[in-house]
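Let's start with one chain on its own, the form predicted alone, as structure tokens.
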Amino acid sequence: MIPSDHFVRFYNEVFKSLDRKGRVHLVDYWHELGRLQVTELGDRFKTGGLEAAYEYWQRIFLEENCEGEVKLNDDVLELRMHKCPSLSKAMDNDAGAHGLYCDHCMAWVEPVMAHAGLHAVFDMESRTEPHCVMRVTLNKKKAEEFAKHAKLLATPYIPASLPPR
């Protein structure tokens, strides 16, 4: 398995290269990541709801040494990243982080959540500081309210329903 230090830097350079060829290429790449993640997680989240998403992100936070919190109450899953290891690694190199690095998260999360009937709101808070907040709920109105209070709202770059490739 490729170490995350290498993977994140590689991923970052792929984003830059695709973006230089035209933003559409980067968005297409994120579209494909979203499609693959729906295949991987969509049915698990659809069947297990917020609890399945909570279990998934708890494991990810441990595996990736994330500094933050994953909380689940009755109808909201909140991921609060205090120091994102991914953006931190992308920034901590001589090549620098791609300006839209954080956007790839919403690009794969949004189609998974849409498939599962969940609503995600991703507040990046900053494109240059490695912290963010993501809230997931079954309640669309609650998600819209979260979006109103976001500092830097990530918008999905891909449609909620993904055609097969």
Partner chain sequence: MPTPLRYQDTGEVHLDFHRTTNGTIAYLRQKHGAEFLDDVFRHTAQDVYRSIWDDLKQGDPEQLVTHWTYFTEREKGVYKIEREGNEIRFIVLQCPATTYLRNRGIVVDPEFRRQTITMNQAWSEGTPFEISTKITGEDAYIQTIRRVKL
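As the structure is a computational prediction, the values presented were derived from the model and not from experiment. Positions refer to the first chain, counted from 1.
What follows is about the form predicted together with its partner chain, which we do not show.
At the 4.5 Å threshold, heavy atoms of residue 32 reach its partner chain in the predicted bound form. At a distance threshold of 4.5 angstroms between non-hydrogen atoms, residue 89 is in contact with its partner chain in the predicted bound form. Using a 4.5 angstroms threshold between heavy atoms, residue 69 stays clear of its partner chain in the predicted bound form. Under a 4.5 angstroms non-hydrogen atom cutoff, its partner chain in the predicted bound form has residue 18 among its neighbouring residues. Only one of 115 to 123, 46 to 54, 133 to 141, 92 to 100 lies within 4.5 Å of its partner chain in the predicted bound form by heavy atoms, and it is 92 to 100.
Residues of 32 to 55 that come within 4.5 Å of its partner chain in the predicted bound form, judged by any heavy atom, are 32, 36, 37, 40 in sequence order.
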